[in-house]
Structure formats: structure tokens, C-alpha cells
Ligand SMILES: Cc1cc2nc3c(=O)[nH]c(=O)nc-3n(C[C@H](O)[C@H](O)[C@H](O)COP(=O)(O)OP(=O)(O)OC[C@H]3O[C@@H](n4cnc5c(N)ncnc54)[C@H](O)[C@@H]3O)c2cc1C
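What follows is a single chain, given as C-alpha cells, in the form predicted alone.
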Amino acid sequence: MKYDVIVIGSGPGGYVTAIRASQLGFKTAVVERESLGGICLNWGCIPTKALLKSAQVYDYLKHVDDYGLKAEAIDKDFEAVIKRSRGVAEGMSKGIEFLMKKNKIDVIKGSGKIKAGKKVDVTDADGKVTEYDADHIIIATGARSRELPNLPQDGKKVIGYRQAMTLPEQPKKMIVVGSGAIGVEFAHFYNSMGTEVTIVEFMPNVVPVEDEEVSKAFGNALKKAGIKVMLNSAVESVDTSGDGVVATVKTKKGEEKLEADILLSAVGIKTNIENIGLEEVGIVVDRDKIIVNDFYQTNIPGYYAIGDVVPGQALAHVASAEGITCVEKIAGLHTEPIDYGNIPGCTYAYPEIASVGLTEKAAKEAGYELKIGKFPFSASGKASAAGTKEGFVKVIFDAKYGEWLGCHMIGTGVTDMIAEAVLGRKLETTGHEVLKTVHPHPTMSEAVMEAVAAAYDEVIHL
């Protein structure tokens, strides 16, 4: 069979790419070996948010007295929480099926392998191989949980994020290795459910990619929630011979033994680029990533790659944007390369974290003279009324030209608020323009305007 475009992988990179290709008039197919929606929809972004929502509601119920309410016999049903999360994921996957039919995209079930001559072999569950032809082949095979040599995952006692979403019973104690978004989101969920959680982080701060002030504030929030945090520490080995796990942790003070029921390894991702034909076709790979140009063309004409398999931030919204850019370029539309310096990052634990642009440290190292403003949610009327006063908004501007260099937020709902800064930076908005943009009251978003006002010594409510 012949197509204009074949996309291998149906995650947020793949399925979005396929839909945009179809909209542009291309005869399109998607190859998927598991469920439509990929890891993000089935085992990542969406089901984890469902788990975290259950944790949030449970936390609210445990503190109803704070809102002048009464409730008795508050408890959780761990199995039902997991079941709800799986149901949300399944519903979203069915939504992708609908979108495929609506956009007349063929879904080919099986494992795809590219071949020379712009061909794709697809092996189905019965081992039958079918060959397909396409003018353009787009690789969007995503990534999986990275395994360290000293932390091999057995899927039972030493697990990755996928198993963490479907544990048959709640562990009493859990060790989380790594404090990036995946690690701290699961740490927050399990801690909220009543599990005793310890985070082991190699770097000197949790969520180490964030601005230092945000990292420190989040570290304090973890400790306040009862989560033990070990910084500048590394798990050297894990003994799984007993009922649970015993982790040997190297710290600045020496070695320490930690006992738990389960260890969650959240130390990054490994791209799914094995056994998909890259070597046979001659596509260049460097450090576990497929090398592409600004429009996702590989070194072999007709073959493209997007998402986690290429250099750049491994985020769902990045993969989607890359796929759209790729097929619009193929279609001959005028399109510009993605600005990877203006990609928002979000962490959905409590409190939430959202950021875009340069951290204060990076801005100083780049040689900018800075204007920095902060506004705490403790001074926000909406946050006070909602009982969510933890956190702040921090903005960073170039003092010379007023360029919005970075925005860093920690608090309730900030993952929804960060888009204002992303759009402002895209439009090259200055601090004074933000100040003169009337924000609604009372809202959490007022904190952005107030933080900018603080940077320019015009803050009203501090």
C-alpha cells in the first residue's frame, strides 16, 4: 500500500502529526504497536494527572475543617484510585481513535521498521509482516524509563513510572530515585495516599532544572508534607533478595541503608530507537538521539524524526509542535523553526511548578543586567480565599531593553498560568506592556502583573 505520509508511533507527537498531515491533504497512516496515544496518554501525562487529582481531593477532605466544613470517616480506596486513572486513560485513547476516523487516517497495528526506498515493514501480533510505501516517513517512537546499571528494573520491587501507575496494592514505604517531574509527582501522590516516601537526588537541589529559588521552596514543601529528601546522594546498589528492597545510598557523610517495599527509578528516559531500521537505512544517531535539521529531516531524504527521539526537551507539547512544523514544511507552507528557548516546563505535584525562559543564574551567566520581581501568593486575595497561599511568581527582565527573559512560578494552578509568559515572550512583550495589561481581580494570574510591578518598583500589594 502507498501513502503520502506514514507516521511510526501514535503518541502526542505521532497522532498530532498525522492529523495535521491529513488536514493538509496527505494520505496518511499511523503505525502503533500498543494503544493509540502512546506513553503520554496511556502511561504518562494523562493518567498521572488523574492520580494527582485523587490525591488533591483526598488532601482537601482531610482538611475540610480549614474551610468551615465537617466530614467524618475520611479514607481512600487505593485500588479504586488506580482504576479511575486507568479509566481516564482508556477514555482518552478512544478519543484518539475517533480523531483518526474523523481525519480519515489509517491505523496500522503492529511494530514498524523502516527500510531503504521509503518503505516500512509492519509486523503484527501474529508475526505477519506487511510492507508499506510512503513519500515521507516520520519516526515518532518516543521513549521509555531509563535503567541504570546499578538499578535494574524487575517491574515488581524496582520499578519505572509505568508500574508505579498500576501497583496492585499501596506500599507502606517507597524510595524514589530522582527528583525531576516524574519523581516528585509520584512522590507527592504516594505520600498523599499515606506511603512513607524518601527521595534520593544526586544534585544539590530537588527539581534541579528549575530556578534555584523555586527548587528551594519546593524542597521545603516536600519536607513540610513529610517526605524525606536526601540531596547530593546516589543509590549505589539495591538488594531485592528479601521481602522488600534495601538500597545502599552514598551521601556526603558516608553510606546509608534505606529499607522500603518498592524503589521507583525516575532517573530519566531512554529513546525507543532500537530495532526500527535506522542502521539499515543509514540514519545518523548521536548519544541516543536521531540527528535532524530545523524541520526534522534526517540525513536521508524522505525520512524524518520528531519528539523524544530527537535532541530537545522530551515533553508532549514539544513533540506535537515538532510534528506540526515537520508536516507543514513538507507541504511547502511557510513555517519557522521552533524556539526551544521558549518552551514551558510544568511539574504537577503540590505545589505545582511552571517555568519558561532563563533562570536567574543562567541570565546572569549570559551577561544580562537584570530586573527581578517576585510576588508571593500569600499576598493574593484569590489565593487567601482559596486557602492556597503557598508559593510565588518570579519574573526576570533585561534591565536595558525590557526583554522578558524568564518566568518561574510555584503554587496552585501555575501550570495553567505560565502560558501568559510564553505568549508574552513570543510577542516580545516588555515589562511595561505587561504592567499596562489589565488583569482580572481576584485571580491567581494577578500575581504575574504584580511580580512585574515589583521588578519595576511599582508593586501595589506588597
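Don't overthink the numbering: it's just position in the shown sequence, from 1. The structure displayed is predicted, hence computed values, not measured ones.
What comes next is about the form predicted together with the named molecule, which is not displayed.
For F397, no non-hydrogen atom is located within 4.5 Å of the named molecule in the model of the complex, even though that partner is not displayed.
Shown alone here, I410 lies farther than 4.5 Å from the named molecule in the model of the complex, counting heavy atoms only. Contact annotation for T429: none of its heavy atoms lies within 4.5 Å of the named molecule in the model of the complex. Using a 4.5 angstroms threshold between heavy atoms, C45 counts as touching the named molecule in the model of the complex. For the options I39, V434, L405, A421, the one in contact with the named molecule in the model of the complex, meaning a heavy atom within 4.5 Å, is I39. Checking G244, G110, P351, G219 against the named molecule in the model of the complex, a heavy atom within 4.5 Å turns up for just one residue: G110. Remark: of stretches 68-76, 381-389, 270-278, 191-199, the one touching the named molecule in the model of the complex is 270-278 (heavy atom within 4.5 Å). Looking at 127-144, the residues that come within 4.5 Å of the named molecule in the model of the complex, counting any heavy atom, are A140, T141, G142, A143.
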